[in-house]
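Presented below, as C-alpha cells, is a lone chain in the form predicted alone.
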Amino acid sequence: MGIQRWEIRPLEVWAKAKEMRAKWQQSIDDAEKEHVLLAQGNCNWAVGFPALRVIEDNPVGAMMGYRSSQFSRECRAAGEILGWGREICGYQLNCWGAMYLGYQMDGSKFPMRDMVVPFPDPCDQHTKRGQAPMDYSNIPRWQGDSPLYTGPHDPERDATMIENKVGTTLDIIADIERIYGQIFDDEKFIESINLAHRVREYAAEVCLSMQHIPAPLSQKDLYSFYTLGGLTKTDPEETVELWRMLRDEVKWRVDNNIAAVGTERYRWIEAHPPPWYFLRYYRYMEKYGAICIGSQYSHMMGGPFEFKEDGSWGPRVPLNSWGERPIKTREDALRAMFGDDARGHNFKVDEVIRPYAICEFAKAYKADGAIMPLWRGGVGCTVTRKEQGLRLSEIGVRVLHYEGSQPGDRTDQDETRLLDMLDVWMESQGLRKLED
C-alpha cells in the first residue's frame, strides 16, 4: 500500500514573524540608550506607560538554549558559582548567568532591568524570578497575586478573586507612577486590550485548524509564533496584522490540503515546553511521517478550549464575557485582561489538578501518541505527568516518557538515547522510517 503524500510549502508569513522578533530584540537592546525603562515580567499592562518596555525570561532563555549550548552552559555555570543549584529553572539560569557575565549571546552588553514584576503562575519558580535581578542590581520588585480554584463556577468567588488580582495590579501601577514619575495612559491600555482580543480570536482559529488532516502547521511552526504578542511584547497593531496574516494563510493551507509534513500518517502531542536545545527531534519524527500537532502549552495562545454539547472543540466561553461589555476605565481593562473565570485559564489549573484535560486535548486533535518529558527540575512542568500518561494510555494513545534537566538546560539530556527510544517506540507501533 502506497504512502499518501501531501503538497508542502514554506510559510510566507514566516519572514514577517522573524522581522518582528528581531525588532523586539533591538528595542530591548536600545532601551538604555533611548532612556526607556526595562521591566522584567509578563506585564500586559505596561503598554500604558510611555517609556516602559517588557522582557520575560521564557522566550529569551529558550532562544539561548536553542541557538548556543556553549553560551547557555557558561551562563548556568556563572549562576552555579554564585550558589544557584540545578533545580532552578533553566530559563532563569540562562538569563541570570548572562546578567552575571555582563553580556548576551552575541557579545553585546546585557540589558540590565530597571524593575522586576514576575508573573505568578502554578509553575513553582515563576515568582522566584524576581530575586536574582533585584539582589544583583538593587532594583524595585513587585509581585502580583493570581489566586486560583478548582471545581464548578462560583460567580461570587470569581468576582472576589478577580478583584484581588485587579487590586494588586492597580497598586503596582500606582507605585510605578509615584517612583518613576510616569503617567499611565488609560486610553492606550484599553486599546491594547481590545487589540489583544482580536489576536486571541485569530490565534484560536489557527489552533483549531490543527485538527485538519493533513495538519497545516507543525509544533515547531507554532513555537515560532506563539510568543509574539504574548511573552514577547511586540507592537499591538502590528501583532494583530501578523496573526491575521497567519490565520489567512493557514485557512488557505487547510482549504488546499497543504501539509506541514508531506507524509503525515501519525499524529502526536506534547505536554509543556520541549527541550529547546534539541528541537531537531521534531524533524527526526517526521522521518516516520509523524507530526507533532501541539500541546496545551503551545495552544494557549488561542485561549482555553473545551468540548461543546454538540461534540465540537472550540474556545471556552466564560459565564460573563468581557467581549460583550464596553471597556471604559483602567479597572475595566484589567478585569478584561484577567478574564471572569478565576479558576484559571489555558488548562493551567485543570492540567495540574485534573489530568483528564490532556485526554480531551488528545481526542480533539486525533492524536495517536504522546511524547512527554519528565524534567528533573521545575516542578510545575512535571506535576501529574505520569498520571497523565496513564490516562492517555487508557483511551488508546501511546505514550513515551523521556528524562532531562529542564527545557532550557541540556546538562542531563542524553540525546542519543532519546533518538534510540523514539526508534523503538515507533517500531513497536509497526512503523518504520520513510526516509533516513
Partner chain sequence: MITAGIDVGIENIKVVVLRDGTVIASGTARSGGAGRGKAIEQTWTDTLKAAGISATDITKVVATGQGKGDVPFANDSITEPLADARVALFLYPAARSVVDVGADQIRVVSLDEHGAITEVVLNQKCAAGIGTFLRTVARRLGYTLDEMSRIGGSSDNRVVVNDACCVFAELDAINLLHDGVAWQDIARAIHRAMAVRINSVLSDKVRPAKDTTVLIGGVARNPTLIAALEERSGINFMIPDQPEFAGALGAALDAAA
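These figures come from a predicted structure and were not determined experimentally. Numbering follows the first chain given and starts at 1.
Keep in mind that the form predicted together with its partner chain is not shown, yet the notes after this line are about it.
J.: Please name which of the stretches 56-64, 42-50, 26-34, 399-407 has residues with heavy atoms lying within 4.5 Å of its partner chain in the model of the complex.
T.: Stretch 399-407 is the one.
J.: If the criterion is a non-hydrogen atom within 4.5 angstroms, does every one of K386, D414 and E427 touch its partner chain in the model of the complex?
T.: Every residue of the spot touches its partner chain in the model of the complex.
J.: Considering only heavy atoms, tell me if I395 and its partner chain come within 4.5 Å of each other in the model of the complex.
T.: I395 lies outside the contact set for its partner chain.
J.: With the partner left out of view, is M421 within 4.5 angstroms of its partner chain in the model of the complex by any non-hydrogen atom?
T.: Answer yes; at least one heavy atom of M421 falls within 4.5 Å of its partner chain in the model of the complex.
J.: Can you tell me if R5 lies within 4.5 angstroms of its partner chain in the model of the complex, counting non-hydrogen atoms only?
T.: Judged by the heavy-atom cut-off of 4.5 Å, R5 is well away from its partner chain in the model of the complex.
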